[in-house]
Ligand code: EAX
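So this first bit is one chain, no partners, the form predicted alone, shown in C-alpha cells.
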C-alpha cells in the first residue's frame, strides 16, 4: 500500500484499505481558501490525477496553510515529510538562488510575456535547477502581478510609500525593492499577515488581486494601488523521495496533473483580474488603477536588481527581455 503526502504549501495523505487494487488518496493543501485560485488549481490537479490513473490516485484539499508556511513546507519536501507543494516563489530564492530572477520588479511586460517565458526554455531550465536543492520542479503556475494595499493613505507616488511598514515575503529582492521606494519592508510568513495588519504591527502588504480578494484584505486595509510592481509566479514542487519512487507512467500522470493545475489557476487569475477591482471597491476599498509607474520602476530596479546581477550577471535577464 502506497502513502503519498501532497501539499500546495502543505498536505497529508490518507491511505485507503490495502488490497491488490489499493487506492492512494492524496491531500492537496495550500495557503488560501478552497475558493481561491490555489483552490481551483489544487482541484484541477486532483481531478486530472484521478482521471489519468483510473482512480488509483484520488485526492482532497487541505486549504489555508493548515500545516505551516511556505518555507517550512519546502523544507519538508527536502526531507521527505511532505511530498508535493504548490508555493509562491517568495521563499524559493533561499533554496535555488537563480530563481530570484523571477522576483525582480518590472521584469515582465505583461502576462503573455511572463507565461511564455516560464513555459519555454528559460522556465524549464529553472525547473531543472530545483534538483540541486533536493526538489523536483513539475510546473510553473501563477499568482499574478503584485499590488500595494495599506491602511494609512492612497499611494500615487513613491513618496507616498515613505515610512510605511509594509509586509513583504521573505525574499531579499522584494525587500530591497521596497527599501529603494522608501517603505519599511517587514518580512513575514503568510499565516501571520492578516493578524499583523489587524493589530497594526504593519501598515500594509503587497500581493496580486487574486490574493487580496481571497484573503478579504478589505477587512483590514482601506487602500489599494495597482502598481503591478512584480509578476508573482507559483511553482508545483515535489520531493525526490516521492517522485523518484513513482513508475515512469505515474511520473507522467503527476507532470500532466501539474500542467492542468497551472492552466486552471491561470484561467482563474484572468477572471479575478477582470472582476477583482469592482469586488474590492464593492467591499469599501479605495482602488487607484492609474499611476505613473516610471518613478516606481526606476527606484525599485536601482535598489534590487543588483541582488541578482552581482551574483549571476545579466545573461538570463537579457534572455527574458528578448522573449516575445
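Positions refer to the first chain, counted from 1. Just so it is clear, the structure is predicted and the values come from calculations on it, not from any experiment.
A second form of this protein, the form predicted together with the named molecule, is not displayed here; the remarks below concern that form.
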Exactly one listed stretch (108-116, 129-137, 165-173, 237-245) reaches within 4.5 angstroms of the named molecule in the predicted complex by non-hydrogen atoms, and it is 165-173
If we test each of 84, 148, 197, 211 for a heavy atom within 4.5 Å of the named molecule in the predicted complex, the one that passes is 211
Checked 254, 231, 190, 178 for heavy atoms within 4.5 Å of the named molecule in the predicted complex; positive is 190
Since only the chain is shown here, I'm wondering whether residue 32 would be in contact with the named molecule in the predicted complex (any heavy atom pair within 4.5 Å).
yes
May I ask you to state whether residue 45 is within 4.5 Å of the named molecule in the predicted complex, using heavy atom distances? no
I'd like to check something about residue 88: if you look in the predicted complex, is any of its heavy atoms closer than or equal to 4.5 Å to a heavy atom of the named molecule?
yes
Does any heavy atom of residue 143 come within 4.5 Å of a heavy atom of the named molecule in the predicted complex? yes
Across 35-54, the residues having a non-hydrogen atom within 4.5 Å of the named molecule in the predicted complex turn out to be 38
